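This document starts with one chain, in the form predicted alone, laid out as C-alpha cells.
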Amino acid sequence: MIVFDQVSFWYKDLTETSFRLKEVSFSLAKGCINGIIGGNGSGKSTVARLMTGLMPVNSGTVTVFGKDPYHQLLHSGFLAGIIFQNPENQIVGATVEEDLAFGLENLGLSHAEMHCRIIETAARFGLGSLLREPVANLSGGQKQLLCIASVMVMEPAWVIFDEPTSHLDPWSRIDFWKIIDEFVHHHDLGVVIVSQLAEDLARYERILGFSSGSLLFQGSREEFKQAGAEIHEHFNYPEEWKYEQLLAAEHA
C-alpha cells in the first residue's frame, strides 16, 4: 500500500505564487487501477515523484509497504518504478534489447534469467521482433512501450505512469490498457496512472483529483461521476459521461 500522511512539499524557491503541495493524505492499494488527475501545475506529477522516492517530502510522511521510498532509493533500490511522459528522457540503451537489459544488470540477475525476462517482456509489449532494432528507428508509440517494458521487466511491486498514453496512437492506447488490466488484476501489480486526458478517466477504478496543490477528490470512479459541479469544473470530464447524465435526467 502507498500511504501519504499530511504530506507537504515545496520547491526551494518558495514564494507566495510558487507551487506548494498542501498537507495531502490518502492511501492507495493494489488490485485496482488508481488514477491521479488534474491540470498543469495541480500537483499530480509532484505526487508521483514523491511516491517513487525521487524527491523527499518537506513535512509529513510517504510510505510504500511501510518504508520511506526516498530512503529506500538511496540505499537499497526502488520500491516503485516511474515511467515518464517523454520516452527520450528514460531510454538508455542503443537497442531494444540493451534497454531492457539495463535495469536487470543492476539487479545482479544471472544471464539466463535476464534472457528469459527480456524475451517474455518484449513479447508481451509487442517488441519481440525488435530486440536488435536501434532505438532511434522506433516510432514514438514504440518508444513509449519500450519505456514501460523496461520498468516492467524488473518486476516492481508498484509502477507509476506519468501521462503514459499521450504519445500513443488510438490502437496502441487500446493495447496499453489491455496490458495494464492484465497486470493489475492478474499479476498483483500496483498501478498509478497520472493523466489529464478525459478519456483515461473511464479506465480508473479509484481516483485522486488535484488542483493547485490540494487534494479535491478521492474515491471510486462511480463516486467521481456523481460528484457535483464544484468538483467537475476543475477536471476534464469525459463527454460520454456528460451524455449519460443528460439521458438520465431526461428519463428521471
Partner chain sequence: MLERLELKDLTVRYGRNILLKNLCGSFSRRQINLVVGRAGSGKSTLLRVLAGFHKEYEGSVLADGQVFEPSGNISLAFQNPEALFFNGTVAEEVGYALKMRKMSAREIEPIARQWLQKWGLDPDRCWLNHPLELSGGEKRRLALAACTVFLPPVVLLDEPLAGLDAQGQRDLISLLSGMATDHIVIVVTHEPELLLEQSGSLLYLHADGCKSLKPAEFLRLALADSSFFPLPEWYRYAVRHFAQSSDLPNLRADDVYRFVKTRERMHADQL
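Residue numbers count along the first chain shown, from 1. For clarity, a rigid core is taken as the largest C-alpha set superposing within 1.5 Å between two forms. None of these values were measured; they are calculated from a predicted model.
From this point on, the text means the form predicted in complex with the partner chain, which you will not see here.
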(Q) the partner chain is absent from this chain, but in the model of the complex, do N89, G140 and E240 each have a non-hydrogen atom within 4.5 Å of it? (A) yes
Q.
My question is simply whether A157 lines the interface with the partner chain in the model of the complex - judged by any non-hydrogen atom within 4.5 Å.
A. no
Q: Report yes if any heavy atom of L246 sits within 4.5 Å of a heavy atom of the partner chain in the model of the complex; otherwise report no.
A: yes
Q) Would G60 count as a contact of the partner chain in the model of the complex, using a 4.5 angstroms cut-off between non-hydrogen atoms? A) no
Q.
I'd like to know whether Q196 contacts the partner chain in the model of the complex, with contact meaning heavy atoms within 4.5 angstroms.
A. yes
Q.
Given the stretches 26-34, 186-194, 219-227, 40-48, which is the single one in contact with the partner chain in the model of the complex, using a heavy atom cutoff of 4.5 Å?
A. 40-48
Q: For the stretch 146-174, return the residues whose heavy atoms include at least one within 4.5 Å of the partner chain in the model of the complex, in the order they occur.
A: E163, S166, H167, L168, D169, P170, W171, S172, R173, I174
Q) Fitting the rigid core first, would the Cα of I174 be found 2 Å or more away between the shown form and the other one? A) no
Q: Look at A157 and decide if its Cα position differs by 2 Å or more between the shown form and the other one after superposing on the rigid core.
A: no
